[in-house]
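Presented as structure tokens, the chain that follows is alone, the form predicted on its own.
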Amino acid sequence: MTVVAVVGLGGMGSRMARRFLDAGHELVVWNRTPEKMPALTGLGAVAAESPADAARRAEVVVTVVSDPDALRAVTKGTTGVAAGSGEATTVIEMSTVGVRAVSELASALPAGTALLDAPVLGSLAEAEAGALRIFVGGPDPLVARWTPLLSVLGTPLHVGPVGAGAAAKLVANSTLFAVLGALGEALALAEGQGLSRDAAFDILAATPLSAQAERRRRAIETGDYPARFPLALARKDADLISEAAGAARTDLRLGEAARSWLAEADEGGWGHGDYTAVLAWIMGRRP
């Protein structure tokens, strides 16, 4: 079994940590707000005093944080992961932070410390069930070495060298946001033309949006969007996609439109709700 440190115990990180613990691995945990640690230490995990302390205690350090600034905060400085890492350490970065932040992390780690970037596709239910899709960037031997560990969380897909995982996650999320935007606009257009809700969903059932329309119908009709992935984080991801497109000189017109809907809803005070509530925002159902 492996000694795994998980740095960041939010909705995703806490569930991923529990998966490692249930699989029989030794677990070390650290979180910026300590009150999230007892739920895991009560099951046998060890609480670290800092990210550096977590890294010193572990063979593998998994970072799961909200954004690039949070990643810098837990990896740099005298108490950061980099300060506690050595030649025997592998850092697996599993947040959605973009390629530039992964490159900064690689530069901050000591020589000899191994690094994979492995962001995940999926939400709380998938994290709990070990059904995440994991986009892994790194050298073949290192990916092969840690694939069994990552498989505790879901299905790893090796997509290229370090940084490729972060790039792949932005590609995947770009489709999620564009589809939500298209679905919301289609329903708004149906309402605007006087079509009934049932007719609108019957029409959508005959289109490429069929599966998404059916999946989101209950939430749309009840107005209940259970919080799984905060809209503010979706907006952050959309901003990272826009930044990556700009750096690559790629014209993402649909992506920018989807980003504008998320930005409006976030600035309208919906940031703490689920990202799928952007559908209600698009359809004009605002308080």
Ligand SMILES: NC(=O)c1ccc[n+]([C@@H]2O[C@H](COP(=O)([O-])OP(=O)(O)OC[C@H]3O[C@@H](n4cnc5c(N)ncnc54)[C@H](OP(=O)(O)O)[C@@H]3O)[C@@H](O)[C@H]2O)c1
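Note that the structure is a prediction, hence the values are computed from the model and not measured. Residue positions are given as counts along the sequence shown, with the first one as 1.
There is another form of this protein, the form predicted together with this ligand, and it is not shown here; the text below is about that form.
Not one of Leu187, Gln212 and Arg216 comes within 4.5 Å of this ligand in the predicted complex, counting any heavy atom. Per the 4.5 Å heavy atom criterion, this ligand in the predicted complex is contacted by stretch 29-37, the sole one of 29-37, 243-251, 53-61, 258-266. Using a 4.5 angstroms threshold between heavy atoms, Thr90 stays clear of this ligand in the predicted complex. With a 4.5 Å cutoff on heavy atoms, Met12 counts as touching this ligand in the predicted complex. For Ser123, a non-hydrogen atom is located within 4.5 Å of this ligand in the predicted complex, even though that partner is not displayed. Among residues of the shown chain, Phe229 is one whose heavy atoms approach this ligand to within 4.5 Å in the predicted complex.
Contacts between stretch 236-250 and this ligand, counted in the predicted complex as any heavy atom lying within 4.5 Å, involve Lys236, Asp237, listed in sequence order.
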